[in-house]
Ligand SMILES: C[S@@+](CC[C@H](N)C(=O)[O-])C[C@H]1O[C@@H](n2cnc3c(N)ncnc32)[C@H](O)[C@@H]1O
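Here you get one chain, nothing else, as structure tokens; it is the form predicted on its own.
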């Protein structure tokens, strides 16, 4: 029997309306849809997006991934879950693995894909990009992420090195993902490095019913902490943002 095709699909940050047309078409066509959750999690955000999609008749399976510090535990989960995906592919079923955001940016999909390919080197794979949380947050606030020659840096804020001076000193825009462990330290570092108060935008559980947003250092610090959280920080606000006049941000190339 021919192998099924394996799809990695980004479903966006949580709002089903941000699912792309291509992703929706594939999800309606495949036989099996795998979604990820953590061992201690009570929800599966990517799975909830799929549940909201009309006309999706695929069999649903949830894969539990270890978030433990020990790499051996994580690797064991990748291997066990890859075995389940490989079994469905070997049965000839086209399968999709859905993940929040984009499947190739800080995603469990990349680890799963390596293991699936190790088991099934001949499997056909297609990765379908998804809208990231920071793109969705920027769009919701009409916030330019970068203009002209500006640079943008994306930082996994759960790491010890996220506050390294070179990272904060070089970028015009910073995107800090999953800020829940050290948000106060992040805000202090952003102040120290001159990021504008009104250029700092926070969101948690973006696209979900209990989404929260805040702008400015004091408002962000007052927000409850959340695992699904991020901060976008601009060194200087763009014209049109709250409290910013257009002449303050005129580019010398205009």
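Numbering follows the first chain given and starts at 1. These numbers come from a predicted model, not from an experiment.
The same protein also has a form predicted together with the ligand, omitted here; what follows describes it.
Asker: What I'd like checked is whether 173, 201 and 236 together line the ligand in the predicted bound form, meaning each has a non-hydrogen atom within 4.5 Å of it.
Answerer: Result no, not one residue of the spot touches the ligand.
Asker: Heavy atom within 4.5 Å of the ligand in the predicted bound form: which of 74, 183, 119, 178 fits that? Just give me the one.
Answerer: Result of the distance check: 178.
Asker: Just one of 58, 206, 36, 50 has a heavy atom within 4.5 angstroms of the ligand in the predicted bound form, so which one?
Answerer: By the 4.5 Å criterion, the partner-contacting residue is 206.
Asker: Residue-level question: is residue 227 within 4.5 Å of the ligand in the predicted bound form, judged on heavy atoms?
Answerer: Yes, residue 227 lies within 4.5 Å of the ligand in the predicted bound form.
Asker: Consider residue 81 of the chain shown here, and say whether it contacts the ligand in the predicted bound form, taking contact as heavy atoms within 4.5 Å.
Answerer: No, residue 81 sits far enough from the ligand in the predicted bound form that none of its heavy atoms falls within 4.5 Å.
Asker: Under a 4.5 Å heavy atom criterion, is residue 105 part of the interface with the ligand in the predicted bound form?
Answerer: Flag for residue 105 set to yes.
Asker: I'd like to know whether residue 100 contacts the ligand in the predicted bound form, with contact meaning heavy atoms within 4.5 angstroms.
Answerer: Yes, residue 100 sits close enough to the ligand in the predicted bound form that at least one of its heavy atoms falls within 4.5 Å.
Asker: With the partner removed from view, which of 145-153, 164-172, 131-139, 86-94 is the stretch that lies within 4.5 Å of the ligand in the predicted bound form, judged by heavy atom distances?
Answerer: It is 131-139 that comes within 4.5 Å of the partner.
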